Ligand code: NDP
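Here's a solo chain for you in structure tokens, the form predicted alone.
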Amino acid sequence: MMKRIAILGSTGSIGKQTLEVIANHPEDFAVEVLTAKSNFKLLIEQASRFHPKFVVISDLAHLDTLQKALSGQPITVLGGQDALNEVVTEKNVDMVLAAMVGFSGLIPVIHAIKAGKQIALANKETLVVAGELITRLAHENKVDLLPVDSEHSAIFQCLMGEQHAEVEKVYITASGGPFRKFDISALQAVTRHEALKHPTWSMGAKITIDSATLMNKGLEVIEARWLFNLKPEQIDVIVHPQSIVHSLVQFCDGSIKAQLGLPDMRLPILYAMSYPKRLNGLFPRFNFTDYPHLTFEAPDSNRFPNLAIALEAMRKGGNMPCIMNAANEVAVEAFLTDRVGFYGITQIIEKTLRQATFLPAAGLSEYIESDREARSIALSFVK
């Protein structure tokens, strides 16, 4: 049966690639909802091509322009956070693909889960901030959380047909980013333009910077902890510059399964949307002779301390990952606007973690308040 998809964040990198996948599989998927934060021009183009039932723009300043541009089409155009939370519960929505960036994706995902929608999760921050809450709600509402991140999709595929109790360790691979061989003095001088040039993946600005600092791997470890019900000590990170092996699972007998493929986000997007089936992917195929050398190395936490910070936040638990995530979002935005240097991101996170209120247990209201407080503290350290 055709799946009707609501794409949260359709104008971002994952959203645009999701629409490519849908365009290549018109008999399998239809677009029911498109949403964007503020990129109304691209949202208009997407809506005019894919004809969703609903279009939502979070920034109300662009709502009138959007409504006028789409007035001749049978599309309901809405604006604001409340509208975003409502459209994901529409009866014709079969799956919500959550591709919004950062904390902003949390509340809409909660509404979608409570409405019993399948979730294809590209917004890792949702589980970083409130993993225990989200996984509990998914269980209570019998909702699948299907990973879209390439690493988590790889783990998910490796676990098919396996027993959870037999999993010994999960290895999440990292490309190492554009500065893998830089020393500390060189890293202190890198610019946002350099940091936005990822060697193997094409992604949005925020996740690209997170990849350069290795914070993205820390966020992925926390996400994996909740997605696959793992203990912190069962997850490790390994640097794999070629980005062909997307992650590995080691079992109690010593056997290791790995999922391989070219670095193309459309592959895990298609798998999440078509699960439990596999559909034909209209993508280039991996050729072993093109990659005669696949290499692996340990991450360097001295040069890239954000990974260690994230792992410690996971071990401490409570609202600490939420605080860390909020501080990182503020710090990355400051770096992208040339208000702090590369290591300034780490400094802001560390200072915020020391000053913010730690709660060993938290619910949704506490997460929202922790996010607000952490952002305020982090902003106080930005020039």
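Please read all numbers here as calculations on a predicted model, not as lab measurements. Numbers for residues come from their place in the sequence shown, where the first is 1.
What comes next is about the form predicted in complex with this ligand, which does not appear here.
Stretch 33-41 is the answer when you ask which of 332-340, 313-321, 346-354, 33-41 has residues with heavy atoms within 4.5 Å of this ligand in the predicted complex. Put simply, of Ser104, Thr76, Thr200, Ser301 only one has a heavy atom within 4.5 Å of this ligand in the predicted complex, and it is Ser104. Residue Gln81 is the only one of Asn229, Gln81, Asn287, Ser71 with a heavy atom lying within 4.5 Å of this ligand in the predicted complex. Although the partner is absent here, Leu214 lies well away from this ligand in the predicted complex, with no heavy atom inside 4.5 Å.
For Ile14, a non-hydrogen atom is located within 4.5 Å of this ligand in the predicted complex, even though that partner is not displayed. When contacts are judged by a 4.5 Å heavy atom cut-off, Cys158 does not count as touching this ligand in the predicted complex.
Put simply, Gly204 is close to this ligand in the predicted complex: some heavy atom of it is within 4.5 Å. Residues Ala122, Asn123, Lys124, Glu125 of 121-142 are found to place at least one heavy atom within 4.5 Å of this ligand in the predicted complex.
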